[in-house]
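As structure tokens, one chain now follows by itself in the form predicted on its own.
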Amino acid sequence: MNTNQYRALDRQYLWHPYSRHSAIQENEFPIIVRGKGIYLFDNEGRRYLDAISSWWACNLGHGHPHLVQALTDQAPRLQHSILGNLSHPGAIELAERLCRLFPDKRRRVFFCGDGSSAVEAALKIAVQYWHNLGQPQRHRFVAFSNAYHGDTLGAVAVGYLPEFHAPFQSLLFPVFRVEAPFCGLCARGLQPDSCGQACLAPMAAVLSSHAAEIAAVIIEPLCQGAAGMRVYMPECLTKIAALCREHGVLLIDDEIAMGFGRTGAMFACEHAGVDPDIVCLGKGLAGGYLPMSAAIVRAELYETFADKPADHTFYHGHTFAGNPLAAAVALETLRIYAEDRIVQYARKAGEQLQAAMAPARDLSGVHNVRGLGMLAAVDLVDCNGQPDIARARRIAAWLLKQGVLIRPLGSVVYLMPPLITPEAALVQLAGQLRQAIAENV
């Protein structure tokens, strides 16, 4: 079939996630047929730099020969086997490797299918943990405003964004929602080096007043992604962890977007010296090649789920949890992260990306330029200082014609390229984004 035939069938049968009807009906979107390195290719041979790592997942780029080989080697041996009362080598080895990535290695890995399901598992584990201890009243959560933790109902409850989730508000359980830190545009006009993390006073107040009914605090570490790449300092995360310890509340760290090197550390929580009670992983876990996620849980929590003398079994699971194909690719992904020093490269290359984006501060209609590791973001405003969503869409369309794929978040345009992107390509990419901003006013 040619491109027009594919588009016609697409418009007749396919429902695109997070995509406006008009964008599909009116635009000549690419039909992607292959990927190699940092690029995607459409069926007409055009090349696109994947500047968002295919929804923040393909950290090692596309078509990595070792990941493809790991999948090819595993495919004829074992394609799927449940983890209910059975096991297989891939899940066992991967669980061990993941636990060894944390300071406290006495952990258990609960495999899931995608990021939302890992968050759902983490929320239920936290609530049942307190139930197991005879404190069922501790079933509430504290979450940040502007948070995003996925699109299943539990994840939406703690990560409610009105522009995404308003139709489902009546289905959600109540959450203590508190002000989120955003050091790039501090709501109090303070400076990070002297603010004393004043923005966390609301969280401290909620924990002080309601700890007896709170199961856990859940956070996106150092950056609220879907809210518009709202970056905050490690000192905030350090204080959040201290508040949780002070009040005996669990800390759930959602590393699905920021984990596996994106921030210049294996996990964002490392910047703050924090070792959370539950860590949610996904996206880059299997290199973005296959759906796989996990909730990594401290052993002392796991041990309360014993079935003797009372049955505290965690009756929760996913059909494809720990899938052998995904596990094989994830094991190879972790090996590449370590042996190729991907995280160290991302830290160094991230500095180059931030330097290359700095001149964008002088462009018209740019309100805030910020970054964190291999992530850079720009807020766009109109002449009245209001978010300029239409301009962000024009910039994305302009860049697509230049062979660069981005997806704005409202009026925020951002770059999250694969961690293997050469420094020269990063500089060129930043230059293309600056040009797009300058030419689309």
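Computed from a prediction, not measured in an experiment: that's the story for all the values here. One rule holds for the numbers: they count along the sequence shown, beginning at 1.
Quick note: we don't show the form predicted in complex with a small molecule, though the next part is all about it.
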item: Contact segment among 159 to 167, 344 to 352, 250 to 258, 173 to 181, judged by heavy atoms lying within 4.5 Å of the small molecule in the predicted complex; value: 250 to 258
item: Selected contact from 141, 148, 232, 289, since only one has a non-hydrogen atom within 4.5 angstroms of the small molecule in the predicted complex; value: 148
item: Listed residue that, although the small molecule is not shown, lies within 4.5 Å of it in the predicted complex (heavy atoms), from 56, 29, 398, 41; value: 56
item: Exercise: residue 333 in contact with the small molecule in the predicted complex, heavy atom 4.5 Å; value: no
item: Exercise: residue 114 in contact with the small molecule in the predicted complex, heavy atom 4.5 Å; value: yes
item: Residue 107 within 4.5 Å of the small molecule in the predicted complex, heavy atoms; value: no
